[in-house]
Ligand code: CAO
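Form predicted alone, single chain, as structure tokens, below.
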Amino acid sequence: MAETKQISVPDIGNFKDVNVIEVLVKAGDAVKAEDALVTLETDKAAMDVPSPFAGMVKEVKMKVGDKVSQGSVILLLESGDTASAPAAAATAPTPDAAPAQKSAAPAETSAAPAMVDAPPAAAAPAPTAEPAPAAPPAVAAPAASPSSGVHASPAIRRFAHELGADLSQVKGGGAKGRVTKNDVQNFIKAALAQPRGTGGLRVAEMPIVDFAQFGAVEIRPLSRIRKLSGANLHRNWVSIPHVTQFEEADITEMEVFRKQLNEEYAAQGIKITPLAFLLKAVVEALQQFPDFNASLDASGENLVLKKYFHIGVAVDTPDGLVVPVLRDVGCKGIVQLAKELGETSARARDKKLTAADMQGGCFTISSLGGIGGTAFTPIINAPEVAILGVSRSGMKPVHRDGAFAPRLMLPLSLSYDHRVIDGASAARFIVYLAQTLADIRRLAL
């Protein structure tokens, strides 16, 4: 017997009043369980909301442009299936992009450089290109409070305050002159591009070039996730004094053991990757050097030392980068970590990651080992104070016991916030990390 069921927005983390950017069904459509119904856009990412039931759409209760939260009614579904909704249907899928008109992403969910150990997650394409910046303002007020007469949401006011933008100088491009996140970002970009006063760095404006005059061109809009990543990476690069320390780890014995474990657990479908060992070794190093497992508070005068070890793993996707976070890494063994990495990859492929899966990281690992390269300088994933870059391992002759021997060496690149960490501490951290990887017995201590 047919039954009319009310389908609502599931748990989408701590986000409220998110944008409906696409309605994927209409009245009369037949849907299957797990079919996407609408696409929502938080201040961090876009996500599809799946149907927990199969049936016929009777009435759609929301439209593009609506603001919704957990529990908001999406549609009425006429279904003959009275079974309970699958537990998996209550989770929000993978975030893949950033909105133009919401608040800044939570401080611990910004994007990071690419990693190739995890498979790509699908991402919704960007419908339009980034709007052109407004004319540069005469002066950028670095810490002025926004005018109460400006039409902007509380989230946008907070975002502008964090970036030091005076909202009274920002031209609103939204409906009825409302100031959007894009407007604030464009204001900051324009302010950074204009020449500074005497005694400071003078930055010339970026040239505007008609590239078509030199030959054929193609215009390809940036995806939403790349727009968000660009803003976050630019903020992190200009606001954090980066220094990168390099080292090589001898992983010859580790690789032998890893291959042995792979054979033992192949029947269970568990793939043991070098990243599982890196996760465990990083926690060991963080325990020895707690300043790396910390963040500066909002005043910049205190260090918040974290007693937990949640490690972000940067994932490369066709449309940009995401950083799912593995929690309580220090309490888990190599095999369990490898299994969780595989499960996280599967959820990424199936668009099952939630906004909560992207939050709470203490330290980030960015691995390009599957692609190549000898070293790189990863950008810190604020508000973290360090990030580890991993390049491709290779055999090298190493002098040991009076003779040269072939050893498998893994290049490591540690970028750190020089406001918190000095060079000597960074060198000690990465040397300790390399020693831990070289002697995996240390991971059992």
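Note that residue numbering follows the sequence shown and begins at 1. It should be emphasised that the depicted structure is a prediction, and the values quoted were computed from it without experimental measurement.
Below: the form predicted together with this ligand, not depicted.
Segments offered: 413-421, 47-55, 387-395, 31-39. Contacting this ligand in the predicted complex at heavy atom distances within 4.5 Å is 387-395. If you check this ligand in the predicted complex, you find a heavy atom from every one of 315, 370 and 378 within 4.5 Å. Within this chain, residue 172 is remote from the site of this ligand in the predicted complex, having no heavy atom within 4.5 Å.
This ligand in the predicted complex is not approached by residue 180, whose heavy atoms all lie more than 4.5 angstroms from it. Although the partner is absent from this view, residue 327 stays clear of this ligand in the predicted complex, with no non-hydrogen atom inside 4.5 angstroms. In the predicted complex, this ligand lies within 4.5 Å of some heavy atom of residue 349. Interface residue among 188, 270, 321, 152 relative to this ligand in the predicted complex, by the heavy atom within 4.5 Å criterion: 321. The partner is absent here, but in the predicted complex a heavy atom of 345, alone among 79, 345, 354, 236, sits within 4.5 Å of this ligand. Of the residues in 254-292, those that come within 4.5 Å of this ligand in the predicted complex through at least one heavy atom are, in sequence order, 258, 271, 273, 274, 275.
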